[in-house]
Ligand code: 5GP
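Just one chain is shown here, as structure tokens, and it is the form predicted on its own.
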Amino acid sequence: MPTNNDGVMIILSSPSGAGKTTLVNLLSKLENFEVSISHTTRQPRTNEQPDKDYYFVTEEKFKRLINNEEFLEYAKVFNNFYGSTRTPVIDKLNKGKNVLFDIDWQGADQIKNKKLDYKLITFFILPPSKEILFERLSNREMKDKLIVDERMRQFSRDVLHWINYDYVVINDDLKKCYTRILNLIKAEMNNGSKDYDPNYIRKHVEKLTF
């Protein structure tokens, strides 16, 4: 049974290339913050470590976990499955750990709809511009122009889900973006005042979707 000493669930979502994974890794260095490690059917990238960055599994095993209702959330993104299993997350929360989720809008919706008795704070990370996003995606290990183009098309769809999040933060400068997120988390946990301007965010989204 959840109590006041339980941890908080913190979701960071973003279109591909906007920086949510880097931000989750920075937050995970804080005391009492831990990342929920997702299962995925995709292949590891060159800089990723199995069982640290992701649990890399076959599609057959992933579907078995779905059938056993093991997932708190899961989604198919770019032809690969991603999902967060329930038991380790609940265990961490019950021990007072704050659990960070690096998931997309589909996963965030599923967790919200579960209506768990734990506090949930959701963030949507946006790039400063479509041009900068294109540059970031092109500089990743996605030298294939078709992959970058697919990510950019997906961005136009993903960005529309910003409205379903508690906070939208623009990753124009990594350090500033991290500080903004951390300040909002602290304010939420302590019922403090929040430095947040929804109108500024709305205008930024309009620029990105124009």
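Numbering starts at 1 and follows the sequence shown. Just so we're clear, the structure is a prediction, and the values are computed from it rather than from any experiment.
There is another form of this protein, the form predicted in complex with this ligand, and it is not shown here; the text below is about that form.
Contact check at 4.5 Å (heavy atoms) against this ligand in the model of the complex: all three of E73, D104 and R151 pass.
Y54 belongs to the set of residues with a heavy atom inside 4.5 Å of this ligand in the model of the complex. Of the heavy atoms in N98, none are within 4.5 Å of this ligand in the model of the complex.
Taking the partner from the other structure, this ligand in the model of the complex has a heavy atom within 4.5 Å of a heavy atom of S84. Taking the partner from the other structure, this ligand in the model of the complex has a heavy atom within 4.5 Å of a heavy atom of V77.
The stretch that touches this ligand in the model of the complex, counting heavy atoms within 4.5 Å, is 42-50, out of 159-167, 179-187, 27-35, 42-50.
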